[in-house]
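For reference, the chain that follows is the form predicted on its own, supplied as structure tokens.
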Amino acid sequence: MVHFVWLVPLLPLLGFLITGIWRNRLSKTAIALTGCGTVLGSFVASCILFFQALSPGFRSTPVHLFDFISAGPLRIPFDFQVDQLTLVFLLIITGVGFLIHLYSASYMWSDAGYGRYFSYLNLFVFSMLLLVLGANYVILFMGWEGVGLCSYLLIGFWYDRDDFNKAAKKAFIMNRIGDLGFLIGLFLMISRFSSVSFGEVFSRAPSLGPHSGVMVAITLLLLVGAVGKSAQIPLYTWLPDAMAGPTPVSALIHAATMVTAGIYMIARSHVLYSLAPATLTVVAVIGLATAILAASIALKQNDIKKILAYSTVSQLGYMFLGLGVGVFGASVFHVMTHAFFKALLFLGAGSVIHALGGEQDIRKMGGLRRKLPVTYWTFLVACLAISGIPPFSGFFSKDAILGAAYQEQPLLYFIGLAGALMTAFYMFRLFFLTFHGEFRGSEESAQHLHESPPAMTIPLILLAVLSLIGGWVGIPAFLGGRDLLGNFLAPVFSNGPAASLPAAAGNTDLILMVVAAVLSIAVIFWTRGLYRRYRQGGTPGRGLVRLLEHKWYVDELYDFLFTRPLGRLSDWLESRVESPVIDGAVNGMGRMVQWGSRQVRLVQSGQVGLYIFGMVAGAIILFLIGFFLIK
């Protein structure tokens, strides 16, 4: 039934090998067909598995492939877990991933590293599939590290730019900080449960009891890994800098793959987190703080990709908020809808950048509505979806989280609502500055304005449809829906504090949704009045505006607290330890060997008589040793 699940990650892996090894021999058409075709094949296989899961007799059991590690009592099989949670992520990764691959085929056509780009992209998809398919934490961690490596390769894809290389290294290093916490938590789990398989760990964990110190430690350490991978406070600053990579890479990292890994890991570990309520509180606080901080920064950014990057950080914060208040299914729902509208936003931004010849400053855009009609309308759909306007997808998933937050603590709801209103403001500020008003760019850019080719606009249209109707699978009962996604995920989260979306709570949930929607619409019209006829100019920002423009000076703070002290310590160690001590010892050993070699070489004089004398003297010495010393 599900035994062919190995085909899902295998196809992108084959695509990586083919486009990587023969990248200089294959034509660009062959590379695009291979890269896109393998991900499409993986999507088709995922759809077959999904429809099998809808059958009444479906049972979630690990699919054993081979024995991976066996050391004493510890046995780690290479197994795949095929359940409802895995299938949702498989469809997101392969479906949205295929559209991004298709878009890339045209967007990257003129790049000299076309084959290398698609090989990295296929490897990225393979690593993410391995992450969500693994039936234990070790296989999950292998995919976890794989997406970290691929992010480094893709963010620094144009390695001839030093600033791009720095952005790639920043992402890699900050993710390693989180991964260290993940590893320590993994070791603690092994020492406590003698297993890393989900089934065994989850069945043994309740024996520790709720509020166990060991369980709190394990979940907090796993949370450190999730904070790094999903860009939460304080390890979020790598994600905006990840915009250095090609725009389709930004869509892949921000929408369908890497940043959702932390959400998946916590949702998969919901049994452990349910036994550690203190950790869930930490998750909720971190998520809400991140959502507000990132949204405030996005208010005054002018780079189109940076605005979308901080938007991603903010939306990930809402997903963490949902996890923290116990509605794991609602967070997964928001992962799905976010994949649709955020991929659409980034690909739409790529279409704009493509039309403007690389320009990313929204202050130098404007009036693009007439020149880029497909991009305009699809971008509008994405902005409405992320702003939580009904009936677009983001409305249902965002309000499911905010409604659960209100039930947990009303203060969480009101803070979250403030972040949602900021989202509506900065997204429509971006929208109106980009597409409305008069064109503010250069004359050269104006002459080259044109709509993107079909290979780029077709993915935009498909994602726009998904951004419109994608949320309808989670319409709650009090709105007349059947919550199809929540019911589908219920078997996975049945032993958690909440199976999925919050149940109907009378008029309260409806009132909260109406208030959020009305206020968001009001903010959109207010933003329209401010920026529809924007003209470039004005005085530099001061006070709070300046703080927001400089991103609360968090990067500068990290540079002052960590980067500079570590740099000075490294310089001191290099000058006082590395060069005089370590290099001195190594070089001194080499000089000593050379001196000894020169002395021994003097014996090789070429005089036969001296050699005979040495042989006789040596024989006499050996004779004396054997006669007097050896008993």
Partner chain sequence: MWTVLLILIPLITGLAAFFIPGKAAKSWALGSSLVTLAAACFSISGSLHGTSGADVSWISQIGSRFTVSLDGMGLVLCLLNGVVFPVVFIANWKKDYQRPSSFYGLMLLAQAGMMGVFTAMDALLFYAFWELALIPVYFLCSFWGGDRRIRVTFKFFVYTFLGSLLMLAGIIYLYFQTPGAPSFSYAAFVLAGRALPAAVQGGLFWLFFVAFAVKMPVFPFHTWQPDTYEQSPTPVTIILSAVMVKMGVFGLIRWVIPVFPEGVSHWSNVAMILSVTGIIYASVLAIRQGDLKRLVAYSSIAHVGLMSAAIFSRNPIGLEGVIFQMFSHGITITGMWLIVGIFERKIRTRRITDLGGVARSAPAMAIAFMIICLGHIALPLTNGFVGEFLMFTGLYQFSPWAMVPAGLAVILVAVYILNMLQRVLFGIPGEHTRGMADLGAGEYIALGILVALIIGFGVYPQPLLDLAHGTTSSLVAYF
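Positions refer to the first chain, counted from 1. Only the largest set of C-alpha atoms that superpose within 1.5 Å between the two forms is called the rigid core. What you see is a predicted model, and the numbers here were worked out from it, not measured in a lab.
What comes next is about the form predicted together with its partner chain, which does not appear here.
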- Query: Is there any non-hydrogen atom of Ser494 lying within 4.5 Å of its partner chain in the predicted complex?
  - Reply: no
- Query: Within a 4.5 Å heavy atom cut-off, is Val577 in contact with its partner chain in the predicted complex?
  - Reply: yes
- Query: With a 4.5 Å heavy atom cut-off, would you call Glu145 a contact of its partner chain in the predicted complex?
  - Reply: yes
- Task: Could you confirm whether Leu561 comes within 4.5 Å of its partner chain in the predicted complex, counting heavy atoms only?
- Result: no
- Message: Within 4.5 Å, heavy atoms only, which of Val554, Ile415, Ala477, Leu188 is in contact with its partner chain in the predicted complex?
- Response: Leu188
- Query: Given that its partner chain is left out here, which of Ser27, Gln599, Ser570, Ser55 has a heavy atom within 4.5 Å of it in the predicted complex?
  - Reply: Ser570
- Partner-facing stretch of 272-280, 175-183, 224-232, 328-336, counted where any non-hydrogen atom is within 4.5 angstroms of its partner chain in the predicted complex: 175-183
- Can you name the residues of 156-174 that have a non-hydrogen atom within 4.5 angstroms of its partner chain in the predicted complex? Tyr159, Asp160, Asp162, Asn165, Lys166, Lys169, Phe172, Ile173
- Message: Quick check on Arg576: with the core superposed, does its CA move 2 angstroms or more between the shown form and the other one?
- Response: yes
